[in-house]
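Quick setup: one chain, the form predicted on its own, written in structure tokens, and binding and motion questions come after.
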Amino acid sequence: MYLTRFRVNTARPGARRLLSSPQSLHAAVMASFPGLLPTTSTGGAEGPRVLWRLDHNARAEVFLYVVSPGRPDLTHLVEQAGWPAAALDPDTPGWQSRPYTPFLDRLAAGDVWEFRLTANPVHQIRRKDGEPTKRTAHLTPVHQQGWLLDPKRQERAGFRILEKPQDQRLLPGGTTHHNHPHHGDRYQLTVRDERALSFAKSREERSQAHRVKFVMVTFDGRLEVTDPDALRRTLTQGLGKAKAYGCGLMTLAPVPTPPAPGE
């Protein structure tokens, strides 16, 4: 497995076209694997697959992250949406790609990590008796956090989101005005950057009925590893729906060391 980072040159028209279309960006990511034919499966229920995510850290600082079974070649992305002149130096081809398996192999139960996840929090609803259920997006931060905090989802994914110490909580738990459970700010978890996307799957299909519509949000937080094998599966197969459109990729980072007294 490989973890790859590519900085997008947001000043270029090609970058703006890719950033505005998850369908186009997905196609560009998949074109990064010379040995992957259009008819090749990119991962079944258990196998590794290609996952990608955009991190919008600032207006001119956008990174594309890719987790993949093979090492990608992003030359075409550099030409469309990177810095081709800077990439002429063989030491800086325009992206960084690192073996991911050694890191995955070191994961152990009890490890604590900071994480980032862009996901598509959804649930099934039935508006009338007798109607089939319909997949619907969670639209409020409380419900979006509730989706990730679901105990069964965390258990299957191999982690537990950590709680804040009592003296650091600012909002009490309770219920919403609809009497739904509200966890206050009990957990070390934030949700941000909600984006409602709507786009055509192809140039030929422009009717509303054939448009892809979904909501994605980005979670930042801190977790404890409870099941290393399950977490490895989460990190390489993704979490939730809409994986082809930039959702599902979770990455981990070391927890910052607190400054020593007097520093």
Partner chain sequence: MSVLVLRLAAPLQAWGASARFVRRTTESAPTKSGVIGMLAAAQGLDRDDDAGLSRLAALRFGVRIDQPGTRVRDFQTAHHAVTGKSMPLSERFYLADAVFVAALEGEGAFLDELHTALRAPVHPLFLGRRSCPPALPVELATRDSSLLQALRDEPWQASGWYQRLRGKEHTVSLSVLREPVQGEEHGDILRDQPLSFAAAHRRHALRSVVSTTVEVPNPRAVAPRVPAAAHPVPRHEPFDAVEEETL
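Residue numbers count along the first chain shown, from 1. The structure displayed is predicted, hence computed values, not measured ones.
Omitted here: the form predicted together with its partner chain. The next part is about that form.
J.: Against its partner chain in the model of the complex, would R53 count as a contact residue? Criterion: heavy atoms within 4.5 Å.
T.: Taking the distances in the model of the complex, the answer for R53 is yes, it comes within 4.5 Å of its partner chain.
J.: Could you confirm whether L252 comes within 4.5 Å of its partner chain in the model of the complex, counting heavy atoms only?
T.: Yes, contact at 4.5 Å.
J.: Check whether E114 has any heavy atom within 4.5 Å of a heavy atom of its partner chain in the model of the complex, and answer yes or no.
T.: E114: yes, in contact with its partner chain in the model of the complex.
J.: When the contact criterion is heavy atoms within 4.5 Å, does Y100 count as touching its partner chain in the model of the complex?
T.: Because a heavy atom of Y100 falls inside 4.5 Å of its partner chain in the model of the complex, the answer is yes.
J.: Which of K152, R135, R127, R192 has a heavy atom within 4.5 Å of its partner chain in the model of the complex?
T.: Answer to the contact question: R192.
J.: So if I measure heavy atom distances to its partner chain in the model of the complex, which of the stretches 139-147, 181-189, 152-160, 114-122 falls within 4.5 Å?
T.: Only one stretch qualifies here: 114-122.
J.: Taking a heavy atom within 4.5 Å as contact, would all three of T4, Y65 and R106 count as contacting its partner chain in the model of the complex?
T.: So, yes: the whole triplet contacts its partner chain.
J.: Does anything in 213-239 come within 4.5 Å of its partner chain in the model of the complex by heavy atoms, and if so which residues, in order?
T.: Residue within 4.5 Å: D220, and no other.
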